[in-house]
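Coming up is one lone chain in structure tokens, specifically the form predicted alone.
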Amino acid sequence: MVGTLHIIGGGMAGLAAAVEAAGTCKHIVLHESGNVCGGRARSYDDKHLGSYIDNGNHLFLSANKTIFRYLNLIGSVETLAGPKAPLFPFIDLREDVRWTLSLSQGKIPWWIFQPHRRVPDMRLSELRSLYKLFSATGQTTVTECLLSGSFSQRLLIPFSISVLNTPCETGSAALLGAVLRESLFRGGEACIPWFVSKGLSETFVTPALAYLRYMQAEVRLQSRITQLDVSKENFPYRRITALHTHHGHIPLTQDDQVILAVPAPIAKSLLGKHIPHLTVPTEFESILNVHFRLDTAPIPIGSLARCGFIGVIGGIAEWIFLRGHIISVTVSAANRFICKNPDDLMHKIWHDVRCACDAALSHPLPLYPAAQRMIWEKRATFAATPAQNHLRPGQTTLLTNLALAGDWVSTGLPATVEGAMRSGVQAVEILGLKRPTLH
């Protein structure tokens, strides 16, 4: 075994890097400043709800090849749930219209010619919005690419807000186009939705830690890196020579390497004096998740029963997930609601849930839930605007033994789990480490 790879940060990017590198010749040490790994994709016991919940909801597409490679490596792909087909139930609360978007399995989009499978009231001419998004570059925003009509209002806008976590008026069309090229452009087989059946930790974190232990990697919790020492040589020979923690410093040998997979502001604070011209995103968007506990688990019917979730247009709630006794709601690009009263927000969101779900359940929901919990991630992702996207750094650095990872580095994707994991895998490859191909 030649040298040690130190991975700083135990979120999705750091875990993906550790799992990928564990099959190489390096000894792996993963440093996580907190007492749990997973970052924004983890679960915990909520005493107020009396239930086990995720800190947020995530919907994955079959196009997310890095995610599925990771889950196959750690042996947890079977913990995902979903309709096993490219189906997406929706409701427009403003007009009380329900439909299920049913994409064609192959690359030829036959679904657009069948009214019962597509967005209600859409015109085929509106598909030009997709061409504009596919070819968007530079400073173009999503709104500038959208034609007016039902297709934009009932599909492209909610999809954009969910993917970019940024309003369409300021969101980068190039980043949305990149996601569309990897999903919708490839046909329904690339657009099958999946979500975790029990919890994010049970799918993404716990099996990964077990896998790393099996591969004899070290996972050091509550190991906060406070400073990096860098050698005095001139470029291109400068390298990290030591890591500092609250428990002392860790000297690095000539064969040791580092992947920095921490949030953008922390990366800037650690590297600022060593790489003065390093730029990172400076503006952020929040995500609001609300979990409602019921005394009796609702019984869904129809598309909601098959899919386990529903998209909502025309309300505050955007995506509703049924998880046994828990109904979880996600609201993206939530900076617009920061000044609202939390109790009023939860009341309005529960009203949206009842309007969206009652007709798709065997029995209507109660007037009030048994308990509720709001989780507001104030700096969930960088604001996916053209200007902020321009600030994202590459993964290589002026330090020969360092690579960057995280959903904020320049992956070509917005700040998604797929983008974070892809950056972790690419950081391993940048450092010259390569595990055998998974067949």
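Numbers for residues come from their place in the sequence shown, where the first is 1. It should be emphasised that the depicted structure is a prediction, and the values quoted were computed from it without experimental measurement.
Not pictured, yet referred to below: the form predicted in complex with a small molecule.
For the options Ser201, Gln257, Asn289, Ser183, the one in contact with the small molecule in the predicted complex, meaning a heavy atom within 4.5 Å, is Asn289.
The partner is absent here, but in the predicted complex a heavy atom of Pro263, alone among Pro83, Pro120, Pro263, Gly314, sits within 4.5 Å of the small molecule. Proximity of His31, Ala380 and Gly406 to the small molecule in the predicted complex is complete: all three residues have a non-hydrogen atom within 4.5 angstroms.
Note on the interface: of 74 to 82, 149 to 157, 247 to 255, 281 to 289, the segment with non-hydrogen atoms within 4.5 angstroms of the small molecule in the predicted complex is 281 to 289. The small molecule is not drawn, but in the predicted complex it has a heavy atom within 4.5 Å of Arg224. Using a 4.5 angstroms threshold between heavy atoms, Gly39 counts as touching the small molecule in the predicted complex. Leu59 belongs to the set of residues with a heavy atom inside 4.5 Å of the small molecule in the predicted complex. Contact check for Thr416: a non-hydrogen atom falls within 4.5 Å of the small molecule in the predicted complex.
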